[in-house]
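We begin with a single chain expressed as structure tokens, specifically the form predicted on its own.
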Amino acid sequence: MRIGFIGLGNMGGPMALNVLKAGHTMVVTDLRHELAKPHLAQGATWGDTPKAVAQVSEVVFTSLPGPREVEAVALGAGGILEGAARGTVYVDLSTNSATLIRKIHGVCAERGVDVLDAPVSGGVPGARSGKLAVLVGGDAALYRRVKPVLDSIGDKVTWVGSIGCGTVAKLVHNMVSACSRMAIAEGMTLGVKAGVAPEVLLDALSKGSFGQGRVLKDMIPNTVFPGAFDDVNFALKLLRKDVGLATELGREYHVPMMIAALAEQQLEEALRRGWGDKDSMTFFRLQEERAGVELRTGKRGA
């Protein structure tokens, strides 16, 4: 299949390489030409603009920082819609705005261009290994047609409903994740200040049943305990963006989201501290300051 891929950053770059490895032909573009070097070395070709990419592609993927970039690339001057022929499929892998992807879907439908939203979850390691959850929204028959390509991006590809539903599911996932991490920070600082060693307390929480496996078994022992906030798996500024998109969705549908609003304010405070490019778990430091205790063991977990 002729694939176009726009956005070759920390997530998009490895995802595009995995699509190439699956045997598809590919044309790529990014604001930074140097990011395309490994793709060009594997046989991809370069497109100067999103329009140029779309002109030669059956399926066009975007992996971009957020809604502003997605709208510009999809609908702006020199964008995908200007170059896409009728029957072209546009798949957005970004964590985006549900309202925007539905708008893009409507505009593209008028030109005979199909759209799926397919945000991914699993971080940079998952993008490299191809072990990502891919949450897809859009027409079910279109999803089935594109799924063989999506299977080269992630090992857990799931159709979750009509257009925008993949984005809604991803935003809910990330909002719940952000809120639960903050609750764990409160509990950890309380337990440590009350006399329990942090690694012992973590073990006790890990044996519970509230389902925070990755946070408890990976993020806390390997990022918080050693204070390795510069080893970025998922940047704090991106989590702030995702929670903001979730609270925006709540306002749109008049759903009270007090915990999410609190999480948003905590992430905003962390951004004000200049921590945006650090790992998203850096917000633990805010609670540590309030509690007057640090959750450090001086070593990484297993």
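So that there is no doubt, residue numbering starts at 1 and follows the sequence shown. Everything numeric here is computed off the predicted structure, so don't read it as measured data.
Only in words, not in the display: the form predicted in complex with a small molecule, which the text now covers.
**Q** Tell me, which of 249, 35, 238, 260 has a heavy atom within 4.5 angstroms of the small molecule in the predicted complex?
**A** Checking each option against the small molecule in the predicted complex, the one that comes within 4.5 Å is 35.
**Q** Looking at 109-117, 189-197, 226-234, 93-101, which stretch has residues with any non-hydrogen atom within 4.5 Å of the small molecule in the predicted complex?
**A** Selected range: 93-101.
**Q** State yes or no: in the predicted complex, is some non-hydrogen atom of residue 220 no more than 4.5 angstroms from a non-hydrogen atom of the small molecule?
**A** Contact check for residue 220: no, nothing within 4.5 Å of the small molecule in the predicted complex.
**Q** Does residue 10 make contact with the small molecule in the predicted complex, using a 4.5 Å heavy atom cut-off?
**A** Yes, residue 10 lies within 4.5 Å of the small molecule in the predicted complex.
**Q** Counting only non-hydrogen atoms and a 4.5 angstroms cut-off, does residue 73 reach the small molecule in the predicted complex?
**A** Yes, residue 73 lies within 4.5 Å of the small molecule in the predicted complex.
**Q** Check whether residue 57 has any heavy atom within 4.5 Å of a heavy atom of the small molecule in the predicted complex, and answer yes or no.
**A** Looking in the predicted complex, residue contacts with the small molecule do not include residue 57, since no heavy atom lies within 4.5 Å.
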